[in-house]
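Single chain ahead, written as structure tokens, the form predicted alone.
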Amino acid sequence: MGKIVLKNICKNFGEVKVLENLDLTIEDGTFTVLVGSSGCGKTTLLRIIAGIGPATSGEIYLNDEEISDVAPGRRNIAMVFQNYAIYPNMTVKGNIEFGLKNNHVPKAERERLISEIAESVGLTELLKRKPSALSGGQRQRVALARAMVKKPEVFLMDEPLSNLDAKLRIQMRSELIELHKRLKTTFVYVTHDQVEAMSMADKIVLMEKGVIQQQGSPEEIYRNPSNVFTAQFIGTPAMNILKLPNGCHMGFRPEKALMSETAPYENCAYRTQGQVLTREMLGSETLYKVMVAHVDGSSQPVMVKMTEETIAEDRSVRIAVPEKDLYFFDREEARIRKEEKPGQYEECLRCLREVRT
């Protein structure tokens, strides 16, 4: 088991409050990704769980047992760092074996564990090499193997793929997903890359300025954002957000917009006209930047992603979005859901009907 519960976690660095009264439950066996921009507190939170950067106040539980004051080495938690933190003067085998020796594991058992773990992460042929003779991906596997050999209840990973090139990152993402399925243990993974979070997580915890903005499955975070920050952080390109005359905000995903040089789109709640500024071919999709007439009379660029029609730059276009694909947010940028605040929702729709072109 590897269930983690954090209660009222606070962390201060001098006068600076990095985390304040944070509550979070990480269920056993999940692949939970802490995601957010640099400085949001996600790595600080990971270090608190590991015990290598104690909280200023609050409680940490592992499987219902409080571990707030338990030394890092006694928490049955393993951490994989961004820079791998493997010993350069030791072979691959020596790195994997180091912790086992310190724990006085008998030699026969060490050999069995090393063989088993090396095979599972593809290091069997590299056990005699030193880190200087390994690629970035291979070094990352060594760091993983060294953590795995402890058979921890929880794996903590602090941006472990950030030093790899783009192609290798994609490969290692897939390998980590497969590894999690095989081990069936708890993974807590930190990244600033929302694509990484969406592709790997069972559960995403989105943070900003030490506060959890939203948590849930990738599908829930993407399709049902609770605020403007979440709506714009998750999704590539970011959700288009436009301010309404009543002070609220309207949003729509670039891939949900309809765009044509001629279609009137009479049945759509949001309709406007614009001019194509740029066009980027992305293989099966094309990404357009379009300057549109905004609902307050000004102009604003929006992004539109399409898979079929090809429209040249500088062309005049019509853009529309059906009501089912629109999102509304209040003046404080919190979500206005139709079923929760029908009056505010209808007011936003009225704003669109009055000004659409």
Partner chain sequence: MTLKSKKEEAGGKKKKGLRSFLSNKLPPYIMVAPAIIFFLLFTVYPIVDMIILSFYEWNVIQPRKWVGLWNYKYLFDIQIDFKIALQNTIVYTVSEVFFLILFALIFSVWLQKDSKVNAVLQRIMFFPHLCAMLAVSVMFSWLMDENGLFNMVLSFFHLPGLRWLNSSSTAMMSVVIVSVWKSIGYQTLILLSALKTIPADIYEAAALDNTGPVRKFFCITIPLLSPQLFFMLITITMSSFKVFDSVRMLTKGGPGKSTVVLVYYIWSYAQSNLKYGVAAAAGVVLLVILLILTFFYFRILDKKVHYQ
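Residue numbers count along the first chain shown, from 1. Quick caveat, the model's predicted, so the values are computed rather than measured.
Just so you know, the form predicted in complex with its partner chain exists too; it's not on screen, but the next bit is about it.
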**Request:** May I ask you to choose, among L126, M198, L179, M90, the residue with a heavy atom within 4.5 Å of its partner chain in the predicted complex?
**Result:** M90
**Item:** Proximity to its partner chain in the predicted complex, single hit among R47, H294, K289, R318 (heavy atom within 4.5 Å)
**Value:** R47
**Complete:** Answer among 70-78, 117-125, 238-246, 188-196 for heavy atoms within 4.5 Å of its partner chain in the predicted complex: the stretch 70-78
**Request:** Spell out, yes or no, whether the shortest heavy atom distance between N83 and its partner chain in the predicted complex is within 4.5 Å.
**Result:** yes
**Asked** So in the predicted complex, does G216 come within 4.5 Å of its partner chain, heavy atom to heavy atom?
**Response** no
**Message:** If we define contact as a non-hydrogen atom of the residue within 4.5 angstroms of the partner, is R146 a contact of its partner chain in the predicted complex?
**Reply:** yes
**Message:** Against its partner chain in the predicted complex, would P152 count as a contact residue? Criterion: heavy atoms within 4.5 Å.
**Reply:** no
**Fill in**
In sequence order, the residues of 166-197 that place a heavy atom within 4.5 Å of its partner chain in the predicted complex are none
